[in-house]
Every structure is written in structure tokens, then in C-alpha cells.
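Next up: a single chain in C-alpha cells, the form predicted alone.
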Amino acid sequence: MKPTKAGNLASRSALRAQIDDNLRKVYEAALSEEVPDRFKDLLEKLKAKETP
């Protein structure tokens, strides 16, 4: 039995919604992560070079 065009569109839409939700969760998790100490150290070194 061949899937209908409407059924195919519905499954694509559901898949796209699931991908959107997963990407949003990953993005929100990345935003809540702390900045690594190594990166903070590099920023401090750059600030020290900028100020006379």
C-alpha cells in the first residue's frame, strides 16, 4: 500500500516539528552552560593588553 500525499506531508511536518524541538532544547542547554575557565583566562589576557 502506497502512502498518500497528505499522509506523507503530515509525517514530514511531524518530523520537522520534532527536529525543531530537539534543536531548541540543545540550544537552550548550550546557553545555560558556564563559560570554560580557559576561555575566561583568554578574555582576561586580552583585556589586560587593551588597558595601558
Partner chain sequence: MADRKPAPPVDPRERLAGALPSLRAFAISLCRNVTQADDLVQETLLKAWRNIEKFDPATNLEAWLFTILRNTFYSSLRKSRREVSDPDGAHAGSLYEKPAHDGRLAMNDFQRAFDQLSPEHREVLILVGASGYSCEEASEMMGVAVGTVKSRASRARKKLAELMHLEKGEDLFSGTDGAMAAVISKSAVQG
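Everything quoted here is computed from the prediction, not taken from an experiment. Residue numbers count along the first chain shown, from 1.
Although it is not shown, the form predicted together with the partner chain is what the next lines describe.
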item	value
Close approach of Leu9 to the partner chain in the predicted bound form, 4.5 Å, heavy atom	no
Within 12 to 32, the residues that have a heavy atom no more than 4.5 Å from the partner chain in the predicted bound form	Leu15, Arg16, Gln18, Ile19, Asp20, Asn22, Leu23, Arg24, Val26, Tyr27, Ala30, Leu31
